[in-house]
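Only one chain comes next, encoded as structure tokens, the form predicted alone.
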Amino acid sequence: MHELLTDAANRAARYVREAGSRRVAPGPASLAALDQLGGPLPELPTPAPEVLELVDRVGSPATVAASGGRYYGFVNGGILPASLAAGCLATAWNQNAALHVMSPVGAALEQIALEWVSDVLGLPAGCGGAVLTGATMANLSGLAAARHALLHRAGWDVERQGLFGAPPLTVVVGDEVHVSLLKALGLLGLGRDRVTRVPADDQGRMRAGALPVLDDRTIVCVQAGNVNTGAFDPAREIIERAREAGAWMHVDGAFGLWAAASPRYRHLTEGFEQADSWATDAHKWPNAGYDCGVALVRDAAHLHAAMTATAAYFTPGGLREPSQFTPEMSRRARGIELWAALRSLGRRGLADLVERTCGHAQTFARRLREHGYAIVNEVVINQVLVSFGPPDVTTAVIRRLQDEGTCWCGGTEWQGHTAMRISVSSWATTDEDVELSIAAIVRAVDECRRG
């Protein structure tokens, strides 16, 4: 076992060391080689060292180098060294984070990490929370707490009685609501298409003046960080309306909510702290590694009521039991990596990570604009949308850039624009990475225009 783990550590270290110098997306030959991993399941056991060698030799070249500094797709973060190392140890520990008795260290680090997240985001003390796979499950958890609270107020126990015959709830979203929140609404039985949509402005921000009439059976969902533009809904005005009506305020802050950790960008999140629930990702800006999302609820009792479950063979004790605040029972102790990421960064390191990546985004926008390309959004944080002319040209540039391999940027359709989306989210991105990426983008444009 010692030799096997040493071999694995050496291979992992080599992969991380080379991630910054290899092509970001795998080439055709690497993808074709994946066939070597298939075929019928062998009849006889394969020695563990051979399994490791095979998956490294064939699998590593077929990965996307998201842990390097030139991956700008899907608002995906990198992974901090401390989080990566803690994750290796956590895998060796093989902890089930369902109950405190199953993993005292897993339960303890999760609780500490949640308190740190709540504090650094400027949220109320005493929030209930959960460490989850990502913002989709975080949105689901926050909205489940909202569903419980509003229906409980109306005299209905939704966890026991379900939604059949329940008093109706209204869900209000912005016109550019993220699909993960709609998916969560569908899973909760609240309906993806039953939402009331509020028009958005030219940056994707909900128009507060267009809010419908709200009441105490309304859930209002606002965004901290539009997935295309990075824009923030006008939280203070919207939440004031919600408070007056007794509505529940939920924040989808998958990445933008972390702007609160930066003195330079904190003003963008003013007002969001007054909400009732928040969803965010720690595998985006904090770079805790995949996967790690966080749900926080102002009144922990609502989250607990929505998620708690007991059985004869396990009885929650007097301490916080993680599974009583999450959709899952058995689950990986991913709070360990979150704790390690935050402990390694500290307040100043987290602020620097946010500010440095936003600075890189500003550089992308300025330099690409100097080359004559259109930046179609206000670059408020780490999101840049760039158009290279007609839609077919922009699409061709994106495809050529992805094939070339220096960096990776995705495409999007936003308010009538076909654009390339640059999301700078990794601690590993350097000034040199930005310059290399800009040069690659310019080459791709020139090549596409030449035909």
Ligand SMILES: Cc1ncc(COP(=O)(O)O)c(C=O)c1O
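Counting begins at 1, following the sequence as shown. Keep in mind the model is a prediction, meaning the values are calculated, not measured.
The next section is about a form of this same protein that is not shown, the form predicted together with the named molecule.
- Between 198-206, 249-257, 78-86, 306-314, the stretch whose residues reach within 4.5 angstroms of the named molecule in the predicted bound form through a non-hydrogen atom is 249-257.
- Distance criterion of 4.5 Å from any heavy atom to the named molecule in the predicted bound form singles out H178 from the list H302, H178, R334, H360.
- Contact with the named molecule in the predicted bound form, defined as a heavy atom within 4.5 Å, holds for exactly one of Q223, T269, S323, T229, namely Q223.
- For D281, a non-hydrogen atom is located within 4.5 Å of the named molecule in the predicted bound form, even though that partner is not displayed.
- In the predicted bound form, none of the heavy atoms of L296 sits within 4.5 Å of a heavy atom of the named molecule.
- At the 4.5 Å threshold, heavy atoms of S344 stay clear of the named molecule in the predicted bound form, well away from it.
- Among residues of the shown chain, P327 is not one whose heavy atoms approach the named molecule to within 4.5 Å in the predicted bound form.
- Taking a 4.5 Å heavy atom cutoff to the named molecule in the predicted bound form, the one contacting residue in 139-171 is N139.
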